[in-house]
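One chain comes next, on its own, written as structure tokens: the form predicted on its own.
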Amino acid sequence: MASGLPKINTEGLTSFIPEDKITELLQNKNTDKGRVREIIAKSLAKNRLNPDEMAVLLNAEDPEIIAEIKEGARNLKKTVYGNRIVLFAPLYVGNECINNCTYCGFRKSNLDVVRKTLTMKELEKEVRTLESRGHKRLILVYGEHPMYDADFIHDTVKKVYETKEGKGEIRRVNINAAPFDVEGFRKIKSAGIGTFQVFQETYHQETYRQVHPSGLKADYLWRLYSFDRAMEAGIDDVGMGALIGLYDHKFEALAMLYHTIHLEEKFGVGPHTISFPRIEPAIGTDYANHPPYQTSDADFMKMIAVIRLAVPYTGMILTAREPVALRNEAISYGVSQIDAGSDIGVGAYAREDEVSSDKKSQFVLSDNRSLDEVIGQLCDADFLPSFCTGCYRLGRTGEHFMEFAIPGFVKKFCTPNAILTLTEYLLDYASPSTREKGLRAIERELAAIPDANPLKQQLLQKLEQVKSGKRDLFF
């Protein structure tokens, strides 16, 4: 595509988010216990819920029912994904932006933020730093600006993949960037990306108009149809999300289900991941300090459990925006991916200049633990940290991923691959304390695999190869 951002064309498009219907569903407060249990049972059978069923769960207020919803989510997550939690790190490539989103520290009118775009040399140093800490999966984040066109994103992805530090390498790069036209998405796909994330921020059109007063992002429909263009371009792993706090969280959760249904009906593929970040304070951004629909921890936790039940096959991401205790609890309700050892200032990992990270950041993080600390604590809590990228690299993406994930077969691959990647980390990067905790976690997971399972013998053989120095083995 030509240099710069694509020209918007939404002629003939209409919203597939039925706002009046969502409002109607949320006004029905009839949450009969028997009905709730029927809905949970449907989800536990790995069937995606319908909007009216999700609304029943979202409207539940009885503590006993909410406890059952959370327990159902916990059981479903364990059934589909096992104990494993995928780890990644965000890497901000540039914070220039032409939009003026009222809630965002990167907005064009914010004079307090220090603008920065990494050179290829600086990007390489950031990647080397992350690799030296043991990271294998990154999400690259970009502002929306003509300089961050499809060619630039393609080239930065290629640079990340070719950068190696010691035994370290990045095996999967996901993207969080402005939406493109089909040609632009096709160019970015050719770099070998994993998931392309585009957050609608809010699905409520009037609120969307108010918080996006100018810039390309002001066009609701252009953003809403991002995944249609991405899938037309061959990107079959997409990640949707809503910024919780702009509008009613129940509305946003139901809207994401309608978005999911749209993708399933049109492409046969739902979202690879769903995200639900809450608004956090940002430099020079009063709106972010006083979000109009601030969601309590209790309501947030219930929403996470309901999303897990509503879309059983999807990955769910909870970032370091949230505090440690909340993240630890939310993992048990269905979250399957978290970032760790994160710093969201542009150039923050290598720290080559004197500008503090917060002055180049989009918002403020609440969880500042190192990757090693997070891995150790996950192991202590009986979870299995994972850097697995096997599904991407063996074609288990898009429709193929749905075939594996919906019945829960993905667990067959996820647990062995998590064991292998965790073993790599423990041997190459872990502190003595984390290594001990990780080895115990691996022994626990191996003991849970029946000896009669032929996969176990293959796994044990691969583990010996890893211990002898081989890397990047997976099923």
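Numbers follow the displayed sequence, beginning with 1. These numbers come from a predicted model, not from an experiment.
We do not show the form predicted in complex with S-adenosylmethionine, though everything after this point is about it.
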Fill in: Listed residue that, although S-adenosylmethionine is not shown, lies within 4.5 Å of it in the predicted complex (heavy atoms), from 77, 133, 223, 229
223
Worksheet entry | Of 193, 269, 141, 233, the one that lies within 4.5 Å of S-adenosylmethionine in the predicted complex (heavy atoms) | 141
Worksheet item: Looking at S-adenosylmethionine in the predicted complex, is some heavy atom of each of 278, 321 and 362 within 4.5 Å of it?
Response: yes
Worksheet item: With a 4.5 Å heavy atom cut-off, would you call residue 238 a contact of S-adenosylmethionine in the predicted complex?
Response: no
Fill in: in the predicted complex, residue 93 touching S-adenosylmethionine (heavy atom, 4.5 Å)
no
Fill in: 4.5 Å heavy atom contact, residue 282 and S-adenosylmethionine in the predicted complex
yes
Fill in: Partner contact for residue 104 in the predicted complex: S-adenosylmethionine, 4.5 angstroms, heavy atom
yes
Response to the item:
Exactly one listed stretch (185-193, 310-318, 282-290, 380-388) reaches within 4.5 angstroms of S-adenosylmethionine in the predicted complex by non-hydrogen atoms, and it is 282-290
Worksheet item: Does any residue in 166-190 get within 4.5 Å of S-adenosylmethionine in the predicted complex, counting heavy atoms only, and if so which ones?
Response: 176, 177, 178
